[in-house]
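Given next, in structure tokens, is a single chain: the form predicted alone.
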């Protein structure tokens, strides 16, 4: 049997007296696309950030490929973080660097990839997200959808085992959402393990292997998309779906 890529056990996170995550135990298998949905303020983004220790859990365990990240020193956590690509709501591109330079930076700096190899790989990734003709452009000249596709290419440049997406389309104009979701859909088809926090229900239905419905600090349902959308089990999920699927 294959081992889970990510295992979360009794995960909790508080900010002062505010308990944002409460006793979450779940796992992500290789090649799975987990889509985390739920009302705003339910802890989804905090949960995602705990998976690579951008937020330190208050208690509990987060294991990546069998190693509990919460027990490791900063250097070891950083080494494992290289295997987890992360794409944020805001694109976080360096405005003073070209698109190509943004993608080359981490492989050259962290992995010590030489310039020629990093350049070749960056062009391959830009072709993959449909933006190689923008290689020499600066981020300020890009649309939101283009900037987010560059951000995905930049994350892929480190050859991650897992991709984490934190509401990657929520800052985009509606007509740009599709171009980003299409890239994510292709990644899923290629077998990339993904954990995606999103409000895009069409993507959740068509691409997700499992839906984790999160509200009030808990994962309240873990189900297949078909079952979750057709037969939600909890009142909280029924209420949520009634509001968004009107």
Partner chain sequence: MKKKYGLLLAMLVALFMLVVPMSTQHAQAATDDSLEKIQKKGVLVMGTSPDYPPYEFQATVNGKSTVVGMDVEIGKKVAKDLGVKLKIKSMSFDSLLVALQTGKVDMVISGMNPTPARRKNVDFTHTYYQGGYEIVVNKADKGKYKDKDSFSGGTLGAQTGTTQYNAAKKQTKNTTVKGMTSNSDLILALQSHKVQGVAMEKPTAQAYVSNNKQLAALPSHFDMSSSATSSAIAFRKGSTSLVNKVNKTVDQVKKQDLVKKSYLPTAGKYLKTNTVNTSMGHYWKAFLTGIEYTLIITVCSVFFGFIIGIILALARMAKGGVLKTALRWLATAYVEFIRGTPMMVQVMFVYFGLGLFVNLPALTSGIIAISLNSGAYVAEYIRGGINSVDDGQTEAARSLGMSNGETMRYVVLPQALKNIWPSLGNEFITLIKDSSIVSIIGVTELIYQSNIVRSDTYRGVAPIVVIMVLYFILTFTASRILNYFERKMQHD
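This one's a predicted model, so the numbers in the text were calculated from it and none came from an experiment. Residue numbers count along the first chain shown, from 1.
FYI, the form predicted together with its partner chain isn't displayed, but the following is about it.
Q: Mind checking whether each of 96, 106 and 140 has a heavy atom within 4.5 Å of its partner chain in the predicted bound form?
A: Yes, the whole trio is in contact, each within 4.5 Å by some heavy atom.
Q: Is residue 205 part of the interface with its partner chain in the predicted bound form - any heavy atom within 4.5 Å?
A: Result no; residue 205 lies far from its partner chain in the predicted bound form.
Q: With the partner left out here, check for me: in the predicted bound form, does some heavy atom of residue 52 sit within 4.5 Å of its partner chain?
A: Within the cut-off, so yes.
Q: Wondering, does residue 158 line up within 4.5 Å of its partner chain in the predicted bound form on heavy atoms?
A: Heavy-atom contact with its partner chain at 4.5 Å: present for residue 158.
Q: Using the partner position in the predicted bound form, report whether residue 116 sits within 4.5 Å of its partner chain, counting heavy atoms only.
A: The answer is no: residue 116 has no heavy atom within 4.5 Å of its partner chain.
Q: 117 to 125, 74 to 82, 168 to 176, 142 to 150: which one contacts its partner chain in the predicted bound form at 4.5 Å, heavy atom to heavy atom?
A: Selected stretch: 74 to 82.
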